[in-house]
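What follows is a single chain, given as structure tokens, in the form predicted alone.
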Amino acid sequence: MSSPLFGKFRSPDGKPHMLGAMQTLDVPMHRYADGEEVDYAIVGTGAGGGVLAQRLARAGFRVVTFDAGPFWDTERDWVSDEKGSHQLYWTNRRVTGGSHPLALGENNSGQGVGGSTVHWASFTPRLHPSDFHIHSLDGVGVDWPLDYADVRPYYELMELELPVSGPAYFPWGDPHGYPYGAHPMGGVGDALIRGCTALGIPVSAGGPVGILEGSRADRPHCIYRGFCIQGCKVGAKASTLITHVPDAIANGAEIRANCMVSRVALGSNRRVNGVFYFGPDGRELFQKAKAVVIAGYSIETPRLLLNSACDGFENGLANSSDTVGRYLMAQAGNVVLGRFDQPVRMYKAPPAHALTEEFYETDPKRDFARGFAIQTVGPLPISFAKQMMSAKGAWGWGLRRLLMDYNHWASFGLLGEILPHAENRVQLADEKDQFGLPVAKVTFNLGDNDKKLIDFGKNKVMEVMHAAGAEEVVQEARYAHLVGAARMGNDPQTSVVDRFGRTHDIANLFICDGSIMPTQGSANPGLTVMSLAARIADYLIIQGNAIFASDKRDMQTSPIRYDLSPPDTWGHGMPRPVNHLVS
């Protein structure tokens, strides 16, 4: 609305709340009274929680969504500076260990409204059809309790809602095109295309990426300055903060920022009745709800369930299977860096804007199952310095010389599938956070298949870099993205939730984030998490009050609700065949 009845949503200083260079929150946010029961309490506002809250609110449900971090005002809170953007990451204390411990924080966790989508690179490839059946096809991992066909229409919806810019034809997996035009190539994309072409490897240019190539409504186009994972003050990059949360608020949802949920409360008849949380002033409060959805992602979701242990669930809420926290997965994320004689300026483009998935599927000629993608990455100078410290042992004056040579380097990323292992898990540590809650203890180990995949993959990426003309090539071993630790499945003995995100143990407790993914493929998980959230929303909406009053589990697939998309998103972009939209 152009003139809100109760005035515009404003920051404490009385100025409009900015969500980009042009976008503002122009509606007042509903506030539920203390003690007032809502339909859904949602924990987290990222890829899963943000999309789910928007759809439930638009369907008329009473929704309160919690986030442990701030409600970002992009003009006041964000800076075009790499060091100054660390507030976007979840850097609270965690304990990490195992034979291959994960680095936690800026690479895989977000804090604040929008969650990790605020600082993701917004690369949005889909999973392949094979990813849903890797046990049946390759004898590894586990099959999903649903098929690619169940998720495909939601992929299409999210690609319009973000929207996604990409090539008119994407050849891998389920071949498809993208609704908005591809981005022009930056220097690092040119290098990937050059290297792949020299080796006869098919390559895709210009996306898919949830960054506007052209201006649309109140969001400007990308200006190619390289700060995508520092929040994007411009507003060209998609995040739930700017794509879904505003519409959730416009339809009556309340977003409670700086509120740390500490425990999900179990009432009578094995049903949850709300959440305890610490408010901005540090006081512990209680929000009563008819149903609870946890969307805190693959560390904080299992941590919350384990911290919610109670009579009947002494090992953690909804954990009769002893699967909560288990099967945590990261992706192999080795970064290969190459120096070129001519300047590359890898910051002059979205970090991820070209890739090949030619090695994605299992190849019987190799001695390991599954595969990997090769993507462009565009580290800014501080990240580049850390990579050079790891890859070359650079320090002191040697590191300074490398930094002065930054514009001559290009970076390619390996994104490889690491299989689910029960011993890779999230548990509770003895240490506690500022609220007195046990922090997460994360254990991670590579299996033999994982090691073989990483060794082959990093060598292939280095081969591509050499073929592109790099005169020196080095690599940093690292991991990217987190999924799993509360996986979905048909068997309550080996999984936490069913195919609609409902916990097997508790009929009105749901999980809606990347933790429910049984396997991860070699695609960035953000688009899949959003698509699963839209699918879960359709299920909750068609079930209506039965979610609140009945323990009966109706497993019928729900019709797709195109009318729940944020306004002015569906039906735009490149024309598509009608049967592809309604299938």
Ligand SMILES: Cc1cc2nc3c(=O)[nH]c(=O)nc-3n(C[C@H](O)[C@H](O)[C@H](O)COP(=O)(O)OP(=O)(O)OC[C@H]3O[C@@H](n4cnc5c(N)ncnc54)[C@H](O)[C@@H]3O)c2cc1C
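Everything quoted here is computed from the prediction, not taken from an experiment. Residue positions are given as counts along the sequence shown, with the first one as 1.
If you look for the form predicted together with this ligand, you will not find it shown, but the lines that follow are about it.
Only one segment in the set 378-386, 509-517, 422-430, 336-344 has residues whose heavy atoms sit within 4.5 Å of this ligand in the model of the complex; it is 509-517. Checking Thr356, Thr323, Ser116, Gln287 against this ligand in the model of the complex, a heavy atom within 4.5 Å turns up for just one residue: Ser116.
The contact residue chosen from Phe456, Trp172, Tyr148, Trp90 relative to this ligand in the model of the complex is Trp90, the criterion being a non-hydrogen atom within 4.5 angstroms.
Contact check for Glu472: every heavy atom lies farther than 4.5 Å from this ligand in the model of the complex. Within 4.5 Å of any heavy atom of this ligand in the model of the complex lies no heavy atom of Gly166. In the model of the complex, this ligand sits within 4.5 Å of a heavy atom belonging to Ala295. This ligand in the model of the complex comes within 4.5 Å of a heavy atom belonging to Ser109. Residues Phe66, Asp67, Ala68, Gly69, Trp90 are the members of 64-93 with a non-hydrogen atom no more than 4.5 angstroms from this ligand in the model of the complex.
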